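Below you'll find only one chain, the form predicted on its own, shown as structure tokens.
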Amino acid sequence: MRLGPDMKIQIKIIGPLMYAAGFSEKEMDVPAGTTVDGLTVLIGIPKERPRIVTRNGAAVSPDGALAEGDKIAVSPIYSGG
């Protein structure tokens, strides 16, 4: 099912999640209306995998829709002190 015309986004995968995605950084065409959760599925990261996603440097919710030119970063959740 197509959501709409394609849009370009930049995506950066941090840490061990890049092994699931198969890349660390690239430009992608995604259908308009793609959400953060939809993007993680497109790149091969299971929705159940704990992660933090930022859009243009700010945290974004899993159901947040992406827009043309967004810069997305996906990283695992780290803890420690």
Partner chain sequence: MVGWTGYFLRVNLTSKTWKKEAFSEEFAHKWVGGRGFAVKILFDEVRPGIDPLGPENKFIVALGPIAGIPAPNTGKAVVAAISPLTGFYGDGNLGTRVAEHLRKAGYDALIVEGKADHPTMLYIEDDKVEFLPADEVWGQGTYACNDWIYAKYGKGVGVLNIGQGGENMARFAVVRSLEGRAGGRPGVGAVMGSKLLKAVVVKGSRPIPQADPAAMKALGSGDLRKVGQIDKQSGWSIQSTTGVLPFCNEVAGLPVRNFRKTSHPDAWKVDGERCNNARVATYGCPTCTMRCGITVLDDEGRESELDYENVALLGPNLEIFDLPKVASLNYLCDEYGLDTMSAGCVLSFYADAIDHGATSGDFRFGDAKRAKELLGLAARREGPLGNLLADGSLRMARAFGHNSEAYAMQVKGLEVAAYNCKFIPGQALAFGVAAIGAHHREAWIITFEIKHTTRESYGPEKAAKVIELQRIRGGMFEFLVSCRFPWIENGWPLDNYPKYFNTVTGLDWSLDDMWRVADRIYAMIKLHYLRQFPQADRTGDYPPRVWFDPSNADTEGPIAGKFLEEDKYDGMLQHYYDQRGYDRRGIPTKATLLALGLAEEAAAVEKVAVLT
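Positions refer to the first chain, counted from 1. If you're wondering where the values come from, they're calculated on a predicted model, not measured in any experiment.
As for the form predicted in complex with its partner chain, it is not shown, yet the points below apply to it.
Three-residue candidate spot K12, A59 and I77; every residue lies within 4.5 angstroms of its partner chain in the model of the complex by at least one non-hydrogen atom.
A residue is said to contact a partner when one of its heavy atoms sits within 4.5 Å of a partner heavy atom; G69 fails this definition for its partner chain in the model of the complex, lying far away. Its partner chain in the model of the complex comes within 4.5 Å of a heavy atom belonging to M18. None of the heavy atoms of T35 is located within 4.5 Å of its partner chain in the model of the complex. At a distance threshold of 4.5 angstroms between non-hydrogen atoms, R49 is in contact with its partner chain in the model of the complex.
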